[in-house]
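Only one chain comes next, encoded as structure tokens, the form predicted on its own.
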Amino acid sequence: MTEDATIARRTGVSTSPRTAAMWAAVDEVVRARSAELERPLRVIDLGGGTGGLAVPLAVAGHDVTVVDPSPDALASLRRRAAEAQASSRVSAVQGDADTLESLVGRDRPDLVLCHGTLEYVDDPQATLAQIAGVLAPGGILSLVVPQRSAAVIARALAGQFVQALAALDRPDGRWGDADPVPRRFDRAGVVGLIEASGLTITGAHGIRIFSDLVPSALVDSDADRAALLDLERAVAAHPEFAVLADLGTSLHVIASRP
């Protein structure tokens, strides 16, 4: 097992059904970009919270700044980084997308992570423009957003047909005012937002196609979780089933600044 694989397994990002597919894509572009530049990457994790991705990247040798509005989340991040002996490579900044420009000077980030954040901002287009503005030339954006189609399917399978219809019809993709997710996206809409910001999309795929639909009681062992991950990977890699990616709970997009 390679050192990177050992890090990923130790931190759980490569074995959790919620993060495995996303981590695989991030890990691939990180390794390629780091090899190209012949140095560790400078990373900003926007809305990175407690460091679920920041700490594994720091353990792998990259320098990561987590920008998050929650002081409690940042306190948890510092503890997690300390436990992983990665504190020297992790910085915690209380802020949001408007803070990005003040964080960078000549050393612009090689990678910006924006996972589970764009649905909470007031203006997704402005946030993507700010991210594009701070990225180094050739820099990479990793964006994860919730998909509308997954909410429609999940509500219908739960017998909540009125909510499923609402998620289908509402511009924000929510199933109702009690929906904890403030906004969901369609693939075409995300592609348009990213391209309008001046970035070039290099990859886009749905993730967690089955993981959030399967009752937790059916994946209560390591063997069950491994089998579910194998299924997710197999479907994602099978060209005849590419349409199923649009049913994933989240859409993961990789884009770069020319």
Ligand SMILES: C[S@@+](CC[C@H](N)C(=O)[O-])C[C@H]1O[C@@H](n2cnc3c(N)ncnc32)[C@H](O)[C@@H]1O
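All residue numbers refer to positions in the sequence shown, first residue = 1. Source: prediction; values computed, not measured.
This protein has a second form, the form predicted in complex with the ligand, left out of what is shown; the following refers to that one.
In summary, among the residues T117, Q147, S142, Q130, the only one with a non-hydrogen atom within 4.5 Å of the ligand in the predicted complex is T117. None of G192, G203, G198, P69 but one reaches within 4.5 angstroms of the ligand in the predicted complex through a heavy atom, and that residue is P69. In the predicted complex, A97 approaches the ligand with a heavy atom inside 4.5 Å.
In the predicted complex, the ligand lies farther than 4.5 Å from every heavy atom of P56.
The shortest heavy atom separation between L46 and the ligand in the predicted complex is within 4.5 Å.
When the ligand is considered in the predicted complex, A164 lies well away from it, no heavy atom lying within 4.5 Å. Heavy atoms within 4.5 Å of the ligand in the predicted complex are found in exactly one of 148 to 156, 117 to 125, 170 to 178, 131 to 139, that being 117 to 125.
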